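In the block that follows, a single chain appears as structure tokens, in the form predicted on its own.
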Amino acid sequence: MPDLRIAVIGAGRIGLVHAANIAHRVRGAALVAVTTANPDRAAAVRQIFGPELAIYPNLAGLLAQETLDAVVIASSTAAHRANIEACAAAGLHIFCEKPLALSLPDCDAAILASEQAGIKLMVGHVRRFDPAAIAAKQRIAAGDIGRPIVYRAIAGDQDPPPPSFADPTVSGGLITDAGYHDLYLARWLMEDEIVRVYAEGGALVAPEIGAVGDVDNAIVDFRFARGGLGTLYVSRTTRYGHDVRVEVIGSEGAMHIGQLRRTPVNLLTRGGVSHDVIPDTAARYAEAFVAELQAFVDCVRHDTPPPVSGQDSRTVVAIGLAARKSHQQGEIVYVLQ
């Protein structure tokens, strides 16, 4: 079976990660093109992948010139719906970075476009493919901690993104963007649906984030359909490192996932004890980024359902929107389905 010819839409940080993995680490895939309207990013792409890789300033030019099997959409979230509709209409299978879209109507439109075109649509839930999360899921499902009753998580980035990205009209805001993976993991690990949320937040460290209408730190409390409890602390300003940890407490025990350090080495001196930290998402989930794209390529090549569907992402977007509404209104909000 020939390799899938894949283009990456968007050459930001995650777009370059996906492009490198397709080019060098994903079996059955070939990177044939990248799109970016930014000259500096185009130069970076050429430096990394060489002058033979095609670079297009926009999606229309790519679709008009290249023969493709699939695309990886790593553009801004605000552009996801339009990009999905265009690529689906061209008959291309789609891997789309999370979240699927910024609103439920846009999620519905993207899902409908993929269904009508008869193509695969998979959404990038990278932590679903993290070996630690997979092992925890298996142990929880085996009953090792009894019945899961509480989900607790920290999702912290060391430094905030540029205000142009933090703008909720572009990225969806802190909770939908940075808290997205934990809201998905909560459903996945607890095997239950989140039905109501209450959120508090503020621009406590980075005033430039507040200036675009977002918060840099937030706490989200939630309730599951079967009565379980959950809490998420999400931050753009954990200066001490990329802090991503999850705890699932059960009726007979608990499961911890993740750690702050990158390597299991402590330095002991007169000044105290220190160790390194994980700098960012790309470093923490390097293998998971490969695994999720491999799963996408395999589902296309073998005509099997994507492990993460558009509907999965729509459900998480609904939770994020409810949490944002709760923060704005200062009251409990029930999740719309």
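What you are looking at is a predicted structure, and each value in this text was computed from that prediction instead of being measured. Throughout, we count residues from 1 along the sequence that is shown.
What comes next is about the form predicted together with another copy of the chain, which does not appear here.
Residue contact with another copy of the chain in the predicted bound form: A218 places a heavy atom within 4.5 Å of it. Remark: V277 counts among the residues lining another copy of the chain in the predicted bound form, judged by a heavy atom distance of 4.5 Å or less. Within this chain, G272 lines the site of another copy of the chain in the predicted bound form, having a heavy atom no more than 4.5 Å away. In the predicted bound form, another copy of the chain stays beyond 4.5 Å of every heavy atom belonging to L92. Taken together, the three residues E115, R187 and E193 all stay farther than 4.5 Å from another copy of the chain in the predicted bound form, as judged by their closest heavy atom.
For the options L104, A86, L204, A79, the residue carrying a heavy atom within 4.5 angstroms of another copy of the chain in the predicted bound form is L204. For the options I119, I111, V170, A153, the residue carrying a heavy atom within 4.5 angstroms of another copy of the chain in the predicted bound form is A153. This chain is displayed without another copy of the chain, yet in the predicted bound form the stretch 219 to 227 from 219 to 227, 92 to 100, 69 to 77, 119 to 127 comes within 4.5 Å of it by heavy atoms. Residues P131, A132 are the ones in 109 to 132 with at least one heavy atom within 4.5 Å of another copy of the chain in the predicted bound form, listed in sequence order.
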